[in-house]
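The chain below stands alone, shown as structure tokens; this is the form predicted alone.
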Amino acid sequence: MSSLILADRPGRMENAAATGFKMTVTGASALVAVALSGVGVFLIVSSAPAFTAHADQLPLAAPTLWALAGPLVFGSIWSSTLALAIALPLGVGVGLYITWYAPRRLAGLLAAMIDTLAAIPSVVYGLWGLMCLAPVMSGVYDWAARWLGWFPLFAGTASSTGRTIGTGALVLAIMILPIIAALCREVFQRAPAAGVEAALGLGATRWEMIRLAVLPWAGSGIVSAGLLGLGRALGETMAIAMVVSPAPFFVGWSVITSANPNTVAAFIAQFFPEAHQVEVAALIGLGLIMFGITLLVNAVGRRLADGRQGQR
């Protein structure tokens, strides 16, 4: 009888450990949901006065909070989209090179350099973009205005300082590149060995193997990496505030002119120290709008990632 009790004791201990682990992860998930809900409630309550405020109470004497938010939301989405369009192909290419092409020692060195880029503070990127990149890009913008001015992205008079939304997007692209490249590298390393070996065994070249066996499998991971990079770009503050020379209530597609749209995060950082009463509520309302946009982007991205994963 005692031997049966001793034999059953390990099973009970495993069940207790499993129950404890389940309770821990459930509590952690609930804590995340509570924190997210708390942030949403705080933003809604604190920003409520701004939605009915008069023009003389809002920043820049905007007619309504929505009139103030429209150009800023456009600037946030436009600069982040440009940055993602630059960084995502580069990040996928860097991840593929480190995983499948680079020698082992070089791959380790490149991976360490990518991780180091991710740790650099945004203010350092902003200083570099303002003092080094912008002067160089002013010459590029002059050339683009002269020869590519017929295209909407390069229309208008080129900025003499280089402090444009295009330069800001380049800085954002460099900032989110380490995140995208590191995640893509991890995804590519976990590609099913059976599919890779089967493609190579049938005589496929390395590129054919990547195109047929790796990229289709890694589609959801690439989408997730792009979404994380997009989220970082949408919320970036200092780099955009230091590099871009914004114009109030401006909406435009050109990336080379001196008139540029501002972003929500940069606008909040620039005006918050001098804001008071309803102006503070208006800035919090801008944060609420971006909070909702971020949730929407993440939801759409999760749906896309789940859909691609279900097709595998």
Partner chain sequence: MNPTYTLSAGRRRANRLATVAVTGAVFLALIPLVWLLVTVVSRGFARLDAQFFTWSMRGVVGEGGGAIHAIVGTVLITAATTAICVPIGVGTAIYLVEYGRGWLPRVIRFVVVVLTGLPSIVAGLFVYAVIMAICGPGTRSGLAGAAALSLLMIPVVITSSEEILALVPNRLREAAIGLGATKHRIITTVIWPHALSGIVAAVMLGVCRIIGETAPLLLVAGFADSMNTDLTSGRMSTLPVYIYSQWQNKGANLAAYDNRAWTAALVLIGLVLIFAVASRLIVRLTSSRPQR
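Think of the rigid core as the biggest set of C-alphas that the two forms share within 1.5 Å after superposition. Every value quoted in this text rests on a predicted model; they were computed, and no experiment measured them. Numbering follows the first chain given and starts at 1.
Below, we turn to the form predicted in complex with its partner chain, even though it does not appear here.
*Asks:* Is every one of W100, A269 and I284 in contact with its partner chain in the predicted bound form, taking contact as a heavy atom within 4.5 Å?
*Replies:* Yes, because W100, A269 and I284 each have a heavy atom that approaches its partner chain to within 4.5 Å in the predicted bound form.
*Asks:* Note which of V187, L72, A213, L84 lies within 4.5 Å of its partner chain in the predicted bound form, where distance is taken over heavy atoms; exactly one does.
*Replies:* The option sitting close enough to the partner is V187.
*Asks:* Would Y141 sit within 4.5 Å of its partner chain in the predicted bound form, counting heavy atoms only?
*Replies:* No - in the predicted bound form, heavy atoms of Y141 and its partner chain never come within 4.5 Å of each other.
*Asks:* Decide whether W66 counts as a contact residue for its partner chain in the predicted bound form under a heavy atom distance cut-off of 4.5 Å.
*Replies:* W66 lies outside the contact set for its partner chain.
*Asks:* At the 4.5 Å heavy atom threshold, is L96 in contact with its partner chain in the predicted bound form?
*Replies:* Close contact exists here: in the predicted bound form, L96 approaches its partner chain to within 4.5 Å, heavy atoms only.
*Asks:* Using the partner position in the predicted bound form, report whether W147 sits within 4.5 Å of its partner chain, counting heavy atoms only.
*Replies:* No, W147 is distant from the partner.
*Asks:* Determine the residues of 181-211 with a heavy atom within 4.5 Å of its partner chain in the predicted bound form and present them in sequence order; the list may be empty.
*Replies:* Going through 181-211 in order - heavy atoms within 4.5 Å of its partner chain in the predicted bound form - the hits are A182, L183, R185, E186, V187, Q189, R190, G203, A204, T205, R206, W207, E208.
*Asks:* Does T24 count as moved between this form and the one not shown, where moved means a C-alpha shift of 2 angstroms or more after fitting the rigid core?
*Replies:* No, because once the rigid core is superposed, the C-alpha of T24 moves less than 2 Å between this form and the one not shown.
*Asks:* Please check if V297 moves between this form and the one not shown, taking a CA shift of 2 Å or more relative to the superposed core as movement.
*Replies:* Where the cores coincide, V297 still shows a C-alpha shift between this form and the one not shown that is 2 Å or more.
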